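Okay, so here's just one chain, in C-alpha cells, the form predicted alone.
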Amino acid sequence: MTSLAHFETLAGSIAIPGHAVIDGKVVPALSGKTFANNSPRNGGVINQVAEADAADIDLAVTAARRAFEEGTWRRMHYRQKKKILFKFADLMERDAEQLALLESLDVGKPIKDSLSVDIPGAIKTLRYYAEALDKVYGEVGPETTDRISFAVHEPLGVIGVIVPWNFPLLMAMWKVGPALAMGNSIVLKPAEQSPLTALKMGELALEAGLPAGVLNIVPGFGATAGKALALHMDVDMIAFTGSGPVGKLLMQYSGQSNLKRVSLELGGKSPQIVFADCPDLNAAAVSAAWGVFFNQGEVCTAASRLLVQEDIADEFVDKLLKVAKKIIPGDPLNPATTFGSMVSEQQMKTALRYIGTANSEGNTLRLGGKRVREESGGYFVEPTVFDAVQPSHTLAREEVFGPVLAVTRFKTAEEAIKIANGTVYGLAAGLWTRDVTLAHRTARELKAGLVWVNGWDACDITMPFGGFKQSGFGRDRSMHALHKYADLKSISITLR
C-alpha cells in the first residue's frame, strides 16, 4: 500500500492547476483576480485559482457557441469522436493518481476512496458514453405511400454544467460524458471549494484532441460565475447537481433569460428501512453505517434516516454502533484512512449546528457528536448517531450533508412507508427484508427515484440516477442521460 509520505511528497511535486480552460487555452481570469483554494485536511492554502466572473463566462460561452455552430465536433464521424473520447479516458487513467490526490486535497475525502471510487468511476463513465454515442437511434413513423416520416435526436447546443464539491470529478463526468457524446459544447463551472480536478480534466481534454471551445472549464463563485452562466442568453441548458435553494434559483434564471432547459439533481433525506425479517442483520448494520458515513456523510443519497422495526430495534442498533465505532476520522492522505474531513469550516459548523439542534429536541445521542482532530487545523466531525428521533424532529426532515444518522423505530410496514415518504425529498430509499412481496410492494410505494433492496447504492452507470419531489428532475447515468442533451426533431418527406 502506498504511504502517507508518498502522497505528501507527490503533493509537493506535481503542477497544481489554477487557470481556466477557455477556447482551447489555459488562461487566467480576464480581471486577473484569484481566490485562495483551501484544503479541509489542514485548513491550509493549496493554491490560488482564477476567479472568473461574467466576462469570463461570456468568453467561454462565445467559444462554445462558435465551436457548436462550426460543427467540428457536432458533425464529426462517430468513429473519430469515439477515438478522441477514449484517448481522453486513457489520459485520465494515466494521471489517475494525480487526479485522486487533487480530489483528496481539495475536499478532504480519503485518498483510498479517490483512488478506488471517484477517479475510476469518472473514467468508466467517459468510456461508457464514448461507447454508447453510436447507440442512439431515431424512430420511423407509420408507413404510408405518400410520405416518409422519422424522428432524429439532435444536440441541444451549449450546455452549462454546474457541479457540487462532494464528488467533483465524478459528478462532472456524469454530465460532460453524455453531453459530449451527443455532440454539444460545454461550459463547466466547478464548485469554488473543489476546482482542481475539473481544471485538470480540461487540460487532459485538450491533450486528447477535443476541438477548441467544445469543453470550457471556468472556475469562480456561484453568485458571480454561476449566475452569469445560468442567465446567459446563448446557453441552451443548465445541468446542475447541488442544493435545493440553488436549484430553485436556476429555475428562476431560466425564466428570466431564454427559457433554457434545466436539469436538477438536488438533495435528499434518504431512508433505509430494516424490517424484522431482515435476511442478514450484520450486513444490514454495515450498510446502515456506511450508507450515511461514506464520504463523511456528504452524499446526496446518504442513508441519513434509519427506520428499524421495533421487534429488532435494540439488537440492530447495537450492531450498528459496533460498526460505527470502528470508523475513525483520519488524515485524508493516509491510505489507511476510511473517514476524512468535511469539505469546509462552514460545512463542519453546519453539521455541528444540526447536532446541537438534535440534542435540544430530546433525541438520544448514542455515538459521536463532536469535532475531532482540531489540532490538525482540519474540519473533522466524528460519526454521530441519534436514537429515538421522531418524524417531526429537525434531524428527520432536513438534510445535514454530514455524518449524522437519525434512528427512528416503527411498528408496521404501512407506518414505515408513511415515515419514509414524509419529507420534501425523494431521491433514494432502501429496505431489508426476505419477503419478496413486501419488498416489491414497499419499493413501489416509496416516493424515490432510486430504491435498493437488501443493499445500499447497489447500482452503476447503466441505471438512471435522479429523484422525485424536491430532489429534482432529469436523470444522470444510463442511456437516458444521452437523450437529456438532445432535441427530438420530426422530419416528414412528401413523396411526389
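Don't overthink the numbering: it's just position in the shown sequence, from 1. A quick note: this is a predicted structure, and the numbers were derived from the prediction, not measured.
Another form, the form predicted together with nicotinamide-adenine-dinucleotide (NAD), is not on view; read the next lines as being about it.
Residue heavy atoms within 4.5 Å of nicotinamide-adenine-dinucleotide (NAD) in the predicted complex occur in exactly one stretch of 101 to 109, 313 to 321, 146 to 154, 264 to 272, and that stretch is 264 to 272. Proximity to nicotinamide-adenine-dinucleotide (NAD) in the predicted complex, defined as a heavy atom within 4.5 Å, singles out one entry of G378, P164, P383, G426, which is P164. Residue-level contacts in the predicted complex: of F293, F240, F88, Y129, one residue has a heavy atom within 4.5 Å of nicotinamide-adenine-dinucleotide (NAD), and it is F240. Against nicotinamide-adenine-dinucleotide (NAD) in the predicted complex, the set G222, C300 and F401 is in full contact: each member has a heavy atom within 4.5 Å. Interface residue remark: G226 is counted as part of the site for nicotinamide-adenine-dinucleotide (NAD) in the predicted complex, having a heavy atom within 4.5 Å.
The closest heavy atom approach of Y253 to nicotinamide-adenine-dinucleotide (NAD) in the predicted complex falls within 4.5 Å. The closest heavy atom approach of F465 to nicotinamide-adenine-dinucleotide (NAD) in the predicted complex falls within 4.5 Å. At the 4.5 Å threshold, heavy atoms of D113 stay clear of nicotinamide-adenine-dinucleotide (NAD) in the predicted complex, well away from it.
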